[in-house]
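Just one chain follows, in the form predicted alone, and it is written as structure tokens.
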């Protein structure tokens, strides 16, 4: 499973990318708005952190297919590299995805709440399809189950689209989809940190360090 950062905080992206095995970054207009800065200024900083190979997912904001296509052309021009244009999984979005696929522009279908949205996005040519796990839960349904169903639809129908699960509230949700073998998950920095924030882990490391200092009087093997 690919692991991406779902954020536009440049400092947090820099920190997470330094320490964790990250495959890219996803953004959306709401995340970008939190920065209070011009969107392409922030996105170009993110691309400079990642380099050209890791993924960067950027959302088109127009409401109709023609506008989405124009947004997509602008996004890939301004952000060269391994860039995917996020398109909502609605009728105008499917139209845009079909055209962009013909042009060789890779897309990520977003705002997915149902398996059939995912199916239609994949049939339209989307590279990724992003169901909102926690938002689906908040509607009274099972976000993990919906994501699994979409993944199974792709597998059973021979569709090359990958699932890109989004909107997580905790690392347990990420674990369940990782264990299931979905294509990718995009996760907020706090949830990524939560994958290893554990008092038992910290305690074990402190014991190892203390025992080594007691034995050698040093705090590093390099000082022996």
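Everything numeric in this text was worked out from a predicted model, so none of it was measured. Numbering follows the first chain given and starts at 1.
The form predicted together with a small molecule exists for this protein as well; it is not shown, and the discussion that follows is about that form.
Shown here without its partner, the chain carries 4, 47 and 83, none of which come within 4.5 Å of the small molecule in the model of the complex through any heavy atom. Under a 4.5 angstroms non-hydrogen atom cutoff, the small molecule in the model of the complex has residue 28 among its neighbouring residues.
Although the partner is absent here, residue 117 is not a contact residue: none of its heavy atoms lies within 4.5 angstroms of the small molecule in the model of the complex. The small molecule in the model of the complex is not approached by residue 162, whose heavy atoms all lie more than 4.5 angstroms from it.
Although the partner is absent here, residue 135 lies within 4.5 Å of the small molecule in the model of the complex, judged by heavy atoms.
Of the candidate stretches 153 to 161, 64 to 72, 167 to 175, 38 to 46, only 167 to 175 has residues with heavy atoms within 4.5 Å of the small molecule in the model of the complex.
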